[in-house]
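Just the one chain here, laid out as structure tokens, in the form predicted on its own.
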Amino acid sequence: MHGLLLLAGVSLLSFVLVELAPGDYFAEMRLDPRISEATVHALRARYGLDRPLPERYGRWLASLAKGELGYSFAYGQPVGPLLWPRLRNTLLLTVTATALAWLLAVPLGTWWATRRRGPADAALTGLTAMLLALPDLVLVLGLLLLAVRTGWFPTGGMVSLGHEQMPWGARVKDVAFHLVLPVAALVLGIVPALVRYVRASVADALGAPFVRAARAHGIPERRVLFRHALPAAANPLVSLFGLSLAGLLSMSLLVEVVMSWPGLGPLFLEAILARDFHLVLGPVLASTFLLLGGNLLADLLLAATDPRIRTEER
């Protein structure tokens, strides 16, 4: 219920802000001496831009209910068919990066928590601090420069020329090869923070009284870590999952633009530059929906891993 209210609030606020922004797609036509003012007025009337704001919002909601998400003036078609392929590509990039980031962060952060006050602790502290201080744009451009200089990886796009003529297995390999750089950029941008959170959660669990009691009973340290400390540290990490997805989504828009990945990022930038306002709203709503989906998944995982939540629900 809260998610639906949030989605409704985001749609209303985004629509109002976009519609109240100065200028529109047809504003630049007035600068062309070959196009008369009457033609511009006729086009605005045709697409309902001369209607009051509440009526325009109602029409947009009606198109949203039909899956059209408004009308793109630049492409001359509904936004929905333009948005879904881009959303699929963004999901492929973000889900892959999220899975890989957590697969790296959990074992590395757990190992780090058991190596406090040693050379490994100092090295990981310095490395994660350096990566956290590195701006996302510098990181992405550095990886792109590496690809240009070495030729090891594609420098942009999602597929190679002739992709459609390749066998199925070769097509999958081609897409995976193009995924390497953008996924690496996202993972390097989010893993340092995740590793630090995992390390802090596991370190707190290792210092808890029940863990000290388990050690006092002679339980081996490895069993203490995996049977007692890690389950106790899981709850805050599951809650962090939704926030990490939000960070990856925001960074993925930058990565997609710089590395020419055909996702929501380039479409969003193109729509802003063209003042194609309904096309601007599409990626905004899609990103909000993905964030709500990530938080819902985190809540479900938390309910599955924490028996206290299931008891409260009963």
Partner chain sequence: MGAVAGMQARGRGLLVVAVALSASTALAQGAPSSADLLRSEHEVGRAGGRLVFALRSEPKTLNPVTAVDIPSKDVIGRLTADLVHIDRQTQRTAPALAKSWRVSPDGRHYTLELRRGLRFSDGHPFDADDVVFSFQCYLDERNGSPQRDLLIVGGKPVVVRKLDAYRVAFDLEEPYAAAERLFDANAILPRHLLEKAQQEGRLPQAWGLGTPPAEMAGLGPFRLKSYVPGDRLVLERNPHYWKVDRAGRPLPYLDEIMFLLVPSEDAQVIRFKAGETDLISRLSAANFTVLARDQVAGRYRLEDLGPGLEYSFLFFNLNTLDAGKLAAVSRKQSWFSRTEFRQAVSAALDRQGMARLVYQGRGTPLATHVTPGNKLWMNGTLPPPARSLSGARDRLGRAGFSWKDGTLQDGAGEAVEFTIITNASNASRVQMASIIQDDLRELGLRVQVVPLENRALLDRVFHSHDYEAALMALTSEDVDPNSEMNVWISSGPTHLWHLGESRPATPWEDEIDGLMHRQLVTLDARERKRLYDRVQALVAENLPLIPLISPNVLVGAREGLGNFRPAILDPYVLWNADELFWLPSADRR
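Take the two forms, find the largest set of C-alpha atoms that superpose within 1.5 Å, and that set is the rigid core. No experiment lies behind these values; they were computed from the predicted model shown. Numbering follows the first chain given and starts at 1.
The same protein has a further form, the form predicted in complex with the partner chain, not shown here; the description that follows concerns it.
- In the predicted bound form, the partner chain lies farther than 4.5 Å from every heavy atom of P107.
- Though the partner is left out of this view, L161 does reach within 4.5 Å of the partner chain in the predicted bound form, counting heavy atoms only.
- Taking the partner from elsewhere, S63 is found to have every heavy atom lying beyond 4.5 Å of the partner chain in the predicted bound form.
- Taking the partner from elsewhere, L144 is found to have a heavy atom lying within 4.5 Å of the partner chain in the predicted bound form.
- For the partner-free chain shown, P266, L267, E270, L273, A274, R275 of 265-282 come within 4.5 angstroms of the partner chain in the predicted bound form, judged by any non-hydrogen atom.
- Relative to the superposed rigid core, A74 undergoes a CA displacement of at least 2 Å between the shown form and the other one.
- Once the cores line up, the CA of E256 ends up less than 2 angstroms apart between the shown form and the other one.
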